[in-house]
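First, one chain by itself: the form predicted alone, in structure tokens.
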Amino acid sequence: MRREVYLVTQNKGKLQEIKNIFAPFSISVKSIYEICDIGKVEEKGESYAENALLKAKAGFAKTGEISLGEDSGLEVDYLHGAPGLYSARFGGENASSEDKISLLLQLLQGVPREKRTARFVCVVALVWSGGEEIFTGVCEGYLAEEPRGDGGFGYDPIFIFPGEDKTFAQLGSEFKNRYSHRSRAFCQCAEFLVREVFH
């Protein structure tokens, strides 16, 4: 059986990260947009799971291929869980990663380290001919006072992994792919695929 899945994303950084996570499981990951332009799937859900499922269902409906949708966010305790579900659109639709980080740091100006706790949450939805499944990964940490490192993408330059005192952007992709929220969710998904779908 062809061990291939299609991720509903146009984010090249995210796609590469997930390819790396799936590689040890001998599962090939491609962007759904490589075989079909399904347009932009609107994230109208009220939870990460709903948004992830909207994407995966759209991919499967259009192609019949095993489809994965993912939604993730950064939840900052001091900001009552914001930006959370709106992490990708924080600061406006056209805000760059730098803009989002800058806005977040402004909101946390003067806030001491012990109150800068945050977590990355990732939810993956898998839709295939046999049904659908949801996987969740969480990574706890806290936020730096300024961006550090030039690896990763999104909020990686300000998310400090506890015990390392370095941001995900400083720690590099190999470390991140072992411990991140995305790694935790997608590893569960890969294990499920190997056990239940590709057997």
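All residue numbers are counted from 1 along the displayed sequence. Computed from a predicted model, the values in this text were never measured in an experiment.
This next part talks about the form predicted together with a further copy of the same chain, which is not shown.
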Exercise. How about residue 78: is it within 4.5 Å of a further copy of the same chain in the predicted bound form, going by heavy atoms?
Worked result: yes
For this session: Although a further copy of the same chain is absent from this view, report whether residue 96 comes within 4.5 Å of it in the predicted bound form, heavy atoms only.
Result: no
For this session: Look up in the predicted bound form whether residue 90 has a non-hydrogen atom within 4.5 angstroms of a further copy of the same chain, and give yes or no.
Result: yes
Exercise. If you check in the predicted bound form, is residue 106 within 4.5 Å of a further copy of the same chain, heavy atoms only?
Worked result: yes
